[in-house]
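Shown next as structure tokens: one chain only, the form predicted alone.
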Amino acid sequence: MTTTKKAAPPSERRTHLIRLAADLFAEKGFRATTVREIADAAGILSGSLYHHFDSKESIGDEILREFLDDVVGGYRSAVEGADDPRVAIEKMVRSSTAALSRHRAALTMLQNDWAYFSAQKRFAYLRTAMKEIEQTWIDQLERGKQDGHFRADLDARLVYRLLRDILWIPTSWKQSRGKSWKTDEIVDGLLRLLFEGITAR
């Protein structure tokens, strides 16, 4: 006896295709991945994919927009009404880490194919979002310097770049015997290092 699997609702099917494409883009690179490979992974014909998206760039666009909207939205919420820059930064680190864990493939795409995306007019919003992210960090760091929370000689732009590169790496590190740190443990460790340092008091 054979059974016929019901077709997925359009929204569910579209989400599934986007997820498959994101994984392929992260693994092979956006430019190296073809529409046919995405269709093959989904078990459909290439032509069928065009019923959902008009181009490969449209798929990449949805993946990256959703990712950056999540990150920027979290940052805006973190600083809204925050009087203490340290509290704002703690919220930014936690929201950023959570967003990055939800969009690992998108982050890999952005890192691996930034030169391509940033040169395309349709992806101009990437630079706008990255500038807002950077300015949000710098604003909070400068506020902390002015009100005495942070050292007066702090180079806000340099600190941002260092923290960005730390945050934008995988948060599933393995210990030597295969034990993993949980994401919250990594974030807590980063915040202690950032605000307390490693020098004994």
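Here the structure is a predicted model, which is why all the values come from computation and not from measurement. Counting begins at 1, following the sequence as shown. Take the two forms, superpose them, and find the largest set of C-alpha atoms that agree within 1.5 Å; that set is the rigid core.
Missing here is the form predicted in complex with the DNA; even so, the following discussion is about that form.
In the predicted complex, at least one heavy atom of residue 54 sits within 4.5 Å of a heavy atom of the DNA. Taking the partner from the other structure, the DNA in the predicted complex has no heavy atom within 4.5 Å of any heavy atom of residue 158. Interface membership of residue 135, defined by any non-hydrogen atom within 4.5 Å of the DNA in the predicted complex, is ruled out. Using a 4.5 angstroms limit between non-hydrogen atoms, residue 35 touches the DNA in the predicted complex. The partner is not drawn, yet in the predicted complex one stretch among 149-157, 61-69, 135-143, 46-54 has residues with heavy atoms inside 4.5 Å of the DNA: 46-54.
Relative to the superposed rigid core, the position of the CA of residue 159 differs between this form and the one not shown by less than 2 Å.
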